[in-house]
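Just the one chain here, laid out as structure tokens, in the form predicted on its own.
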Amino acid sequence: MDYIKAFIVGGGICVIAQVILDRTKLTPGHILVSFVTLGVVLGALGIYEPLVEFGGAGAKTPILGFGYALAKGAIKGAKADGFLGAFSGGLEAGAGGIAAAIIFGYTMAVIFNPKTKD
């Protein structure tokens, strides 16, 4: 049942992004930044937490989940270390995802031959 919940939540987030991409003139970059920001705001307000509890990886894996992780880390860091902890906590929380993106992106760039669009 956890897999079905994750699929529904993660798929729903992706459907929303695709509809926005298809129906507006926003670029993928705009949607990316908007979703990260929305994840931070929803995470900071505590609204995203019930979705994470229900959907698990389906809510944590999409880009909204990255914003949520940043907000959660910043709040935890601020409680522990004050003002500067808000910055370091967000970096600590997002470090794994950022490192994975860099490593996998570099690996794919080495393995495959990049092509320019015509």
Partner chain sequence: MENLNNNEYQKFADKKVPKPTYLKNVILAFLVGGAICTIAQGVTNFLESQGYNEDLCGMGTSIVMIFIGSLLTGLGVYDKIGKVGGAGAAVPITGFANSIVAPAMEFKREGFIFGVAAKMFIIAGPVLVYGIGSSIIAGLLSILFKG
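Positions refer to the first chain, counted from 1. Fair warning: this is a prediction, and the values are worked out from it, not measured in the lab.
One more form of this protein should be noted, the form predicted in complex with the partner chain, which is absent from this view; the next part is about it.
Trainee: Wondering, does Gly46 line up within 4.5 Å of the partner chain in the predicted complex on heavy atoms?
Mentor: Flag for Gly46 set to no.
Trainee: Consider Ala78 of the chain shown here, and say whether it contacts the partner chain in the predicted complex, taking contact as heavy atoms within 4.5 Å.
Mentor: Close contact exists here: in the predicted complex, Ala78 approaches the partner chain to within 4.5 Å, heavy atoms only.
Trainee: Is Ile63 close enough to the partner chain in the predicted complex to count, meaning some heavy atom within 4.5 Å?
Mentor: Ile63: yes, in contact with the partner chain in the predicted complex.
Trainee: Can Pro28 be called a contact residue for the partner chain in the predicted complex at 4.5 Å between heavy atoms?
Mentor: Pro28: yes, in contact with the partner chain in the predicted complex.
Trainee: In sequence order, which positions of 1 to 23 have a non-hydrogen atom within 4.5 Å of the partner chain in the predicted complex?
Mentor: The stretch touches the partner through Asp2, Tyr3, Ala6, Phe7, Ile8, Gly10, Gly11, Gly12, Ile13, Cys14, Val15, Ala17, Gln18, Val19, Leu21, Asp22, Arg23.
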